[in-house]
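To begin, one chain is listed below as structure tokens, in the form predicted alone.
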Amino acid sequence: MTAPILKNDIFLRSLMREPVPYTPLWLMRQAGRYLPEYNETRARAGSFLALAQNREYACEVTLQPLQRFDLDAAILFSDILTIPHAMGLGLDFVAGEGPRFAHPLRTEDDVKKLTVPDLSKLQYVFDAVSLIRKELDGKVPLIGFAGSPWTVGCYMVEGQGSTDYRMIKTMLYSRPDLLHRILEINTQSTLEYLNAQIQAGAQAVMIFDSWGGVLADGLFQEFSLSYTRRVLDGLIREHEGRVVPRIVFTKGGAQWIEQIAASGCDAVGLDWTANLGQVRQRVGDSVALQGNLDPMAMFGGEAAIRKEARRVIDDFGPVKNGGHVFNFGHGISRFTPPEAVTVLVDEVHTYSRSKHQA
């Protein structure tokens, strides 16, 4: 089947640092609990996993924010923990507590049993990608994604979210050989998973290294960045006659921006603690930058939202050839009023047009 012509490719062009008329915008977790229609669909599905594993539901919630807001990209509705779930770790989402694994990796025997999953166990993801592309009909590009080998590994060892990462850091310091084995398997799994998403129709891919910033300098490079780089090295570079841009987001990673930018990605996502202009100077426009509004700014009222949106755009600085994708510095809060997103989209598109015309 021939893919429909992409009507709005500004997101892809900006990632590749090509001329664009305004700064494109999408939001991490843009399909989520802040939208009443999402909550209604999730209730029909019965659970988060049932929602994610049904291609029709996944397509429905992926498209919901695009029906409300003039966003420049869609992102697949899924979760970074689909891979370890396919490995047999027994993923569940506990109300009020988030994801939890029934069989975390705690012993040498646990790690030795770990294998790259059969991709057929993740076919529901690829089916969702294909359906979303069809339903988008070329309106905007579709982003596929995965967690970084390190970040996914954190959940696999901890068994759930963590505040101190005691379990995985204990393994890191006492049995680094076991952790490297986990990361090796995660790397191969992530590479196959993302390439299958690209083949199914994802037009850009993002690697979420959400917990890379909890590592000490030196250990970040050894246990996180080196494995992310190997995923990037193996990704399909072109599909459907076009380059597939690659974005890496390391929360708390601005201190390593030069090394992340040199990892083989096309764009680096930044959290709200970084100054886009300073980061841009450090990398010399070698990559595009994505971010980096504090999602809590959305609770400050219309004037504050517009002010903060302008500040982020001004921080990035003069624009000649794209290079900036506006986003939050992390996921949107479930308590965000949808009307606040309408204000943000309007301000980013309107204000950035004046900067691009200058």
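Counting begins at 1, following the sequence as shown. Since we're looking at a predicted model, the values are computed, not measured.
Unshown form predicted in complex with ligand CP3; subsequent notes refer to it.
Chemist: Hey, in the predicted bound form, is residue 150 touching ligand CP3, heavy atoms inside 4.5 Å?
Modeler: Although ligand CP3 is absent here, residue 150 would stay clear of it in the predicted bound form, with no heavy atoms inside 4.5 Å.
Chemist: With the cut-off set at 4.5 Å between non-hydrogen atoms, does residue 31 touch ligand CP3 in the predicted bound form?
Modeler: Close contact exists here: in the predicted bound form, residue 31 approaches ligand CP3 to within 4.5 Å, heavy atoms only.
Chemist: Residue 75 versus ligand CP3, in the predicted bound form: is there a non-hydrogen atom within 4.5 Å?
Modeler: Judged by the heavy-atom cut-off of 4.5 Å, residue 75 is in contact with ligand CP3 in the predicted bound form.
Chemist: Spell out, yes or no, whether the shortest heavy atom distance between residue 316 and ligand CP3 in the predicted bound form is within 4.5 Å.
Modeler: The answer is no: residue 316 has no heavy atom within 4.5 Å of ligand CP3.
Chemist: What is the one choice in 227, 211, 220, 193 with a heavy atom within 4.5 Å of ligand CP3 in the predicted bound form?
Modeler: It is 211 that has a heavy atom within 4.5 Å of the partner.
Chemist: Identify, from the list 110, 135, 271, 79, the residue with a heavy atom within 4.5 Å of ligand CP3 in the predicted bound form.
Modeler: Checking each option against ligand CP3 in the predicted bound form, the one that comes within 4.5 Å is 79.
Chemist: Check for me: heavy atom within 4.5 Å of ligand CP3 in the predicted bound form, for each of 38, 42 and 145, yes or no.
Modeler: Result yes, every residue of the spot touches ligand CP3.
Chemist: Thinking of ligand CP3 in the predicted bound form, which stretch from 196 to 204, 167 to 175, 236 to 244, 80 to 88 has heavy atoms inside 4.5 Å of it?
Modeler: Comparing against ligand CP3 in the predicted bound form, the contact stretch is 80 to 88.
Chemist: Judged by heavy atom distances of 4.5 Å or less, which residues of 88 to 122 approach ligand CP3 in the predicted bound form?
Modeler: Sequence-ordered list: 93, 98, 99.
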